[in-house]
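One chain comes next, on its own, written as structure tokens: the form predicted on its own.
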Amino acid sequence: MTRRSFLGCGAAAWLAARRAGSAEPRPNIVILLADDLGYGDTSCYGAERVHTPNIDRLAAQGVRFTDAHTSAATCTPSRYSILTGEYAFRVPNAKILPGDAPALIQPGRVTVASMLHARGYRTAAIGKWHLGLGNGNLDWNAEIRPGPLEIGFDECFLIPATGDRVPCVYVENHRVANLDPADPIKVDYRGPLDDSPTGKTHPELLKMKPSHGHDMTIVNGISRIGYMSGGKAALWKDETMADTLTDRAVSFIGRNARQPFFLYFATHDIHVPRAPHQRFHDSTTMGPRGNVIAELDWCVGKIVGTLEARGLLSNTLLVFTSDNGGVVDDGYQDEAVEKLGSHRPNGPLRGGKYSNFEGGTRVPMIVHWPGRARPGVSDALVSQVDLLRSFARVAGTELAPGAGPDSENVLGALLGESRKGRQLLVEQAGDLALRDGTWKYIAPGSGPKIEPYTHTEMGTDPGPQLYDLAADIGETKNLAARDPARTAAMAGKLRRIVIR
């Protein structure tokens, strides 16, 4: 396949104009990253018990992918890969991080933000971070660095880790927002800092009780993972979190409307604890989990509406996706199980968050760029790890040697102009899996077949697994014994990628 046919005529012509010095402005780039949103959690991907009109509009006007993937079935490693273009299994500490973990991406590393910043983009990270901050033994009352500002972002407004982990405060650039110096913050994941009530010792104080774990420090009537004291003026309120983060994103767009910008907007929804604003309480019949999907859709509508109102939408490359597959009970008694009904968070896929099966990494993904992205549905195999190299092409630059080692330029596929994306793709959960076209190989592993707390099928087996996804998207028929040659060949390809 020639380079031109791979890019597609429209993309190739646009890039040729860029190289020729066209006056056409560089596009803004926006990543809207949902948290724990499964493949089947939006109406444009088949959901019937929840409606997502704003996400559906993006899908109708853009490219909706049916085989798009995160690099991993959990949040920290998949977010690492989005920003660095590297599979997270190559990094020993790229796992679900505690709230006091040091920065996983160190200064000097090429990221989507640093690459675009070098091309004159104004860059911002707003929302959930969960990639660590500082160098260890972080003092939350002083300057917090390194962090996003040291890896290419001009500004940030963050949830440091997750909504269910302390510290339950926002970090703005290098400081905790709204912190009272007379009430210093302490954080510890080893044990209590004082005799304050916890979810375990005083469950009567909780408005949302844990189903497993999540029974330590109480903030806003919800107990969390980890221990925290102080910082009362800085504590967030879960019910206004979506509004707070979206307002920050809207402000960033407004302040930078006259120059190219990159916005990495990582929502808290639909991660636990699911505590939507009061105005979304009757949005669905599925309880808080359904209602935070509606809240997420509202956030998307606000961002897209702001771009449209300012005349920026036609010159904005927007990617909407999720950090991993969906999960139902992930630590709180929030009626997610009881009110699930016929809804299937991961659609026809087996497994979900944490799983080796497709439900772990195959996620919703929509690319919207009016006049550039060709509307339609694409079955191209693409990964979020490819955004770095693909965005570099859009920005008219090449990556430095060694940067984005696992990232491929799949711009033609992202714009809907080529049916071909990747050929080979690694999926990471408890074990590693390899996609080779529509075939999937899961390496032998150990561990529970069913995750004991979330009740997710993990896809773990002591022997190899081989699935023909073109005929068996639900991964119900293990063909490894019937096709040993293909199984062995794919195992060899996976080994070579791992040791590369």
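Model, not experiment: these values are computed from the prediction. Heads up: residue numbers just count along the shown sequence, starting at 1.
Keep in mind that the form predicted together with a small molecule is missing from the display, and what follows is about it.
- Listed residues Leu133, Ile222, Val272, Leu388 were compared with the small molecule in the predicted complex; Val272 is the one with a heavy atom within 4.5 Å.
- With the partner omitted here, the residue from Pro107, Gly396, Gly213, Pro102 that has a non-hydrogen atom within 4.5 angstroms of the small molecule in the predicted complex is Gly213.
- Contact check for His69, Val367 and Arg422: none of the three has a heavy atom within 4.5 Å of the small molecule in the predicted complex.
- Within 4.5 Å of some heavy atom of the small molecule in the predicted complex lies at least one heavy atom of Asp323.
- When the small molecule is considered in the predicted complex, His343 lies well away from it, no heavy atom lying within 4.5 Å.
- The small molecule is not drawn, but in the predicted complex it has no heavy atom within 4.5 Å of Gln428.
- With a 4.5 Å cutoff on heavy atoms, Cys75 counts as touching the small molecule in the predicted complex.
- In summary, the region of this chain contacting the small molecule in the predicted complex, judged by heavy atoms within 4.5 Å and restricted to 346-354, 297-305, 369-377, 84-92, corresponds to 346-354.
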